[in-house]
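Taking the form predicted alone, here's one chain by itself in structure tokens.
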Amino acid sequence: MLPVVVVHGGAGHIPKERAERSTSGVCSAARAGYAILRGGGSSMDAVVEAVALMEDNPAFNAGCGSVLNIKGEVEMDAIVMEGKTLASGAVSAVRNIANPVRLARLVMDKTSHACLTAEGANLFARQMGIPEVPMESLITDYSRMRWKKNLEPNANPVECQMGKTGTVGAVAVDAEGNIACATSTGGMLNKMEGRVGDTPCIGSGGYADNEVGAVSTTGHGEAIMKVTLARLILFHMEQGKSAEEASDLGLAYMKSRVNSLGGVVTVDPRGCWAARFSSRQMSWAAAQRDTLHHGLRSGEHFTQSIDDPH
């Protein structure tokens, strides 16, 4: 078994001035996840750690840095799933929580439910001793600027949404062959209050199954849900396609069927992985065999030693 963790920082168009922060953010997240795997930790611990790190990084649309809804507020979604028993946990439309992915993990571990939403999720967080943070601490100047811009009558938030800052996610296989995925997002720019996208939906925002593999997705949530993108890619893998081929087939279907772009990170039970996208860019990083892989634009694939700090 080859332990591996693969992360993404969101698909779309990432402005030059933010590209470097996005790239260094996914590389740090992959390193953190891999350190857990290298120490004998579980794939679930690895993906949660990697995603939580990106939630704390204002370069991404998750946790601190989340985009704002129409009212100028933060509502976040997250999911985790593990492939051994197909257990999963998700939260949607949560507020005042720094790390929604950790709350999703608690939904999986501590309840008999798969998803908690809005006030109920926040109530559960309090019961679990997760401190609430002021909403202001999650809002960046960049998010506020983009919110204001998209209040203009001729704005198209879906077009503006693609990238800039992105949904984050991770997939991993550990030394025991267990597979996991995690995805977290602030959702869609200037969305209606209470809008929930693909991220917390099993089979759309993510899916993990030890017998097939795991996927974490990014892109326009409504489109991803229509084609259940994560599960669609794993269906192709069940038919014998590689992680890369299956990812490309799923993304091509979403483009042809609902005319939408996106990106995924995918892994199979042997540790073969892929980071694929149909959008202009997607920041991604993977760590395996003490090597860090990363890229941002189509065809890019850089490698370095995992222990090289730069």
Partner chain sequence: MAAVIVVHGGAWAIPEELSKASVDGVKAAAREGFSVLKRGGNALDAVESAVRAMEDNNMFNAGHGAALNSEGEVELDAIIMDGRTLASGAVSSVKNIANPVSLARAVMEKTDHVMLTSRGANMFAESIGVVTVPTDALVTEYERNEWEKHKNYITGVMEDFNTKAHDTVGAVAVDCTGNVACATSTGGIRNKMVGRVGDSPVIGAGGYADNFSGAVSCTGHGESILKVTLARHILSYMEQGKTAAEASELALQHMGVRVRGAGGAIVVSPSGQWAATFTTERMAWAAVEDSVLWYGLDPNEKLQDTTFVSVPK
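Note that the structure is predicted; figures quoted are calculated from it, not measured. Residue numbers count along the first chain shown, from 1.
The following text describes the form predicted in complex with its partner chain, which does not appear among the structures shown.
A single residue from the set 211, 136, 176, 141 has any heavy atom within 4.5 angstroms of its partner chain in the model of the complex; that residue is 211. The contact with its partner chain in the model of the complex, taken as any heavy atom within 4.5 Å, belongs to 202 out of 155, 202, 98, 130. Residues placing heavy atoms within 4.5 Å of its partner chain in the model of the complex fall in a single listed stretch, namely 254-262, out of 57-65, 23-31, 254-262, 38-46. Using a 4.5 Å cutoff between non-hydrogen atoms, residue 215 does not count as a contact of its partner chain in the model of the complex. Contact between residue 81 and its partner chain in the model of the complex is found at the 4.5 Å heavy atom cutoff. Under a 4.5 angstroms non-hydrogen atom cutoff, its partner chain in the model of the complex has residue 194 among its neighbouring residues. Under a 4.5 angstroms non-hydrogen atom cutoff, its partner chain in the model of the complex has residue 119 among its neighbouring residues. Taking the partner from elsewhere, no residue among 241, 246 and 279 has a non-hydrogen atom within 4.5 angstroms of its partner chain in the model of the complex. Using a 4.5 Å cut-off on any heavy atom, the residues of 111-125 that reach its partner chain in the model of the complex are, in sequence order, 111, 112, 113, 114, 115, 116, 117, 118, 119, 120, 123, 124.
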